[in-house]
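First, one chain by itself: the form predicted on its own, in structure tokens.
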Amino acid sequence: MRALPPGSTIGILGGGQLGRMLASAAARLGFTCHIYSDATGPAFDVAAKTTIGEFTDLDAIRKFAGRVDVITYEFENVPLCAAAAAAEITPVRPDPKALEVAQDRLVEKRFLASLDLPVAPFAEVASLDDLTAGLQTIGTPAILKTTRLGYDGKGQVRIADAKDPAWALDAIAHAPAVLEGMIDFAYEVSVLAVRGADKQARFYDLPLNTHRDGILDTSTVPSPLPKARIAEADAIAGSIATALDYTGVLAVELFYLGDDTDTPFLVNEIAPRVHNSGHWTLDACAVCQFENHIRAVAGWPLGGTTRHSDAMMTNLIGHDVDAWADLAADDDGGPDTCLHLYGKHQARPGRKMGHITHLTDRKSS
């Protein structure tokens, strides 16, 4: 694959904060970014060119594709038909196959199982009979998730016991679903892998993740996992990237069950894009996840993934952002604080408005 020279135009499907950070990273490398989205968003403030159009308007998608040199995407729910239409005109990286897998939780689970990777027990649910049978097999507690469009805790309900489970289907409006067994885990972690055009992969340090109300709250590096376990986690992500013939940043969310189990990791889900749990790389690494994604999709050599500082990233959710002045002051003599605001005009409960990263001297590997 020929590396795109500076001055080339990178198309981004989606106009959210991840697109904003991708466009900023691309500009530092001399690229122009053109955003295509169905509504204005944070990425529009920093991109050189923007187009508003429906993702189902395939003629508009093709026209957009003809104006750029390569296309990537900043969220995994880009309609597959849109990515396929764009790929008729211009290379799309990562390959749309990654979207096909990640957009449907049932397809994703079956794909991971086909690679002999460990996942939580699961069952397809298309009816109350399916749910009843699944609960009998998997047991409770369990979690019922819509196969599509669920994120940040949306589209899912927890089932504490198998008595009269019809309410759970009502709660998700009887959408196609997958039932998963609840996992007793020690930690939630994620692998941030980047795979270049030369098919070589690099990995950022493994962050330890915590959640609040189903939304990522903090990501901290280094994690407490032993080096050998981190290498195992990286190998899991590498095998997924290889199977998808992936180009760009891939996030793989894992449950770590502990060293006293035969299977220390279970794969929770994958995200074929830059990821919230990698935002700390903006401040703690010489080359962040966003720049490395741009490098990969443009056919450039990958940058280093080593961190120069220990870090804890904390999301600013909803009205957390109202404390921006105090967060920006950073005058308490504590860790260095890096503030990132996404330019969203209205704070709402559950909405990611920005993040902060606390940096401290690197004390451990």
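From a predicted model like this one, the values you see are computed outputs, not experimental measurements. Numbers for residues come from their place in the sequence shown, where the first is 1.
FYI, the form predicted together with adenosine monophosphate isn't displayed, but the following is about it.
Query raised in the report: With the partner absent here, would A26, T32 and Y73 each sit within 4.5 Å of adenosine monophosphate in the predicted bound form, counting heavy atoms only?
Result: Answer is no for this spot.
Query raised in the report: Of K97, R110, R229, H211, which residue is found within 4.5 angstroms of adenosine monophosphate in the predicted bound form when only non-hydrogen atoms are counted?
Result: The residue in contact is H211.
**Report entry** Contacting member of A84, M182, A243, V157, with respect to adenosine monophosphate in the predicted bound form [4.5 Å, heavy atom]
**Finding:** When adenosine monophosphate is considered in the predicted bound form, the option within 4.5 Å is M182.
Query raised in the report: Any chance D104 has a heavy atom within 4.5 Å of adenosine monophosphate in the predicted bound form?
Result: No, D104 is distant from the partner.
Query raised in the report: Should D234 be counted as a contact of adenosine monophosphate in the predicted bound form, where contact means heavy atoms within 4.5 Å?
Result: Although adenosine monophosphate is absent here, D234 would stay clear of it in the predicted bound form, with no heavy atoms inside 4.5 Å.
Report task. Evaluate I143 for contact with adenosine monophosphate in the predicted bound form, applying a 4.5 angstroms cut-off between non-hydrogen atoms, and reply yes or no. Result -> I143 belongs to the contact set for adenosine monophosphate.
**Report entry** adenosine monophosphate contact at Y256 in the predicted bound form, heavy atom, 4.5 Å
**Finding:** Y256: no contact with adenosine monophosphate in the predicted bound form.
Requested in this report: Determine which one of 130 to 138, 75 to 83, 110 to 118, 185 to 193 lies within 4.5 Å of adenosine monophosphate in the predicted bound form, judging by heavy atom distances; exactly one does.
Outcome: Flagged stretch: 185 to 193.
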